[in-house]
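Shown next as structure tokens: one chain only, the form predicted on its own.
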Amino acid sequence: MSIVKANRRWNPQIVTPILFLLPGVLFFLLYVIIPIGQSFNISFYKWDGLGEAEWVGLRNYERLMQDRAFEVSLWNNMKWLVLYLLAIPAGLLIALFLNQTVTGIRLYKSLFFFPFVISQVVVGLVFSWFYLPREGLLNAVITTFGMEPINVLGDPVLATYGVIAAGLWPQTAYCMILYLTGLNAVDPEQIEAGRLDGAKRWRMLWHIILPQLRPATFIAFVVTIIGALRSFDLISIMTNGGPFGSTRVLSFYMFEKALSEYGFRMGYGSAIAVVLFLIMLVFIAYFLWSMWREERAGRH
């Protein structure tokens, strides 16, 4: 009886998946779950990161509600969230174009892949030069048509949109790659059946191709939304939060308050991090629920 119990306890079909999952789970606990818990804890303290922490309860969150810079950062995050989603239809259109057999298609693909392989720092520098008030290519084009030059990154109204446009460049390339992979898996028999039924262009795209691209669209949504909420490096390179703090987002404002030269307000920065985490948690929970629902539907 005891031998049967021992075999059941060390059943390879149970133990092997656990052993494979164990390192990932440990790293996830160490680098994700525990820091999240620490951030929640520190957000209830006033602490400079070195001295003794002072318990202040919800005072950091109360100050956030009255902080104009926090409000601007939150609204900028919403702008990023909405406008960043333009990368998905743009990536789909480019993928549909590149999924054809035309002369020089490899060269076109290389050009569209290019922004995906370069770092965000380089993207930020390229667009900073592109937006230069005097020497930039944008104003060279605008003045050709008789319009007045504009200082995109120096204008508090335009600066955020200028940074988002820079972020859309590599994000569109990423979505394009996802859709190109999805298009390779489209069932040719369904395409042929659609043609026999008279489906062309938009009807073919809407009724036959897009339903088969649903997994790629789902991943594109997940990556794009999380990327929009994590936006930091482009802002740091192109504007450093300016002009007058108009391009700050929550992640950048958290960095300024907690870790920058004029910050070291760990409790306040942690409170900002907690708010950003809760916003992301809404989307992550929805995506996980969608995946679970689809997986459950696939079993039945």
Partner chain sequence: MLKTFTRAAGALVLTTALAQPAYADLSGTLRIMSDMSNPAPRAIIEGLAADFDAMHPDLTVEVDVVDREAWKSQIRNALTADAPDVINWYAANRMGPYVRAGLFEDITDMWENGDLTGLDSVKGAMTMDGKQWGVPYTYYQWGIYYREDIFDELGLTEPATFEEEIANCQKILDSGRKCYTIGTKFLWTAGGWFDYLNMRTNGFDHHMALARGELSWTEDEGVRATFANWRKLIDMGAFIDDHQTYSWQEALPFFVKGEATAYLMGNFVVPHLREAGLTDDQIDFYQFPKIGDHPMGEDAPTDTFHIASNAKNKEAARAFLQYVTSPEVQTKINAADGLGQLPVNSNATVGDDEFLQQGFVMLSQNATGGIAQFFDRDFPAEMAKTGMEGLQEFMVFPDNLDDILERLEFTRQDVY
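Numbering follows the first chain given and starts at 1. Remember, it's a predicted structure, so these values are computed and weren't measured experimentally.
What comes next is about the form predicted together with the partner chain, which is not displayed.
Within 4.5 Å of the partner chain in the predicted bound form, a heavy atom is found for none of 224, 227 and 297. The closest non-hydrogen atom of residue 31 lies beyond 4.5 Å of the partner chain in the predicted bound form.
When the partner chain is considered in the predicted bound form, residue 26 lies well away from it, no heavy atom lying within 4.5 Å. Not displayed here, the partner chain is kept clear of residue 99 by more than 4.5 Å at the level of heavy atoms in the predicted bound form. The partner chain is not drawn, but in the predicted bound form it has a heavy atom within 4.5 Å of residue 133.
Contact residues in stretch 236 to 256 (any heavy atom within 4.5 Å of the partner chain, taken in the predicted bound form) are 237, 238, 239, 240, 243, 244, 245, 248, 256.
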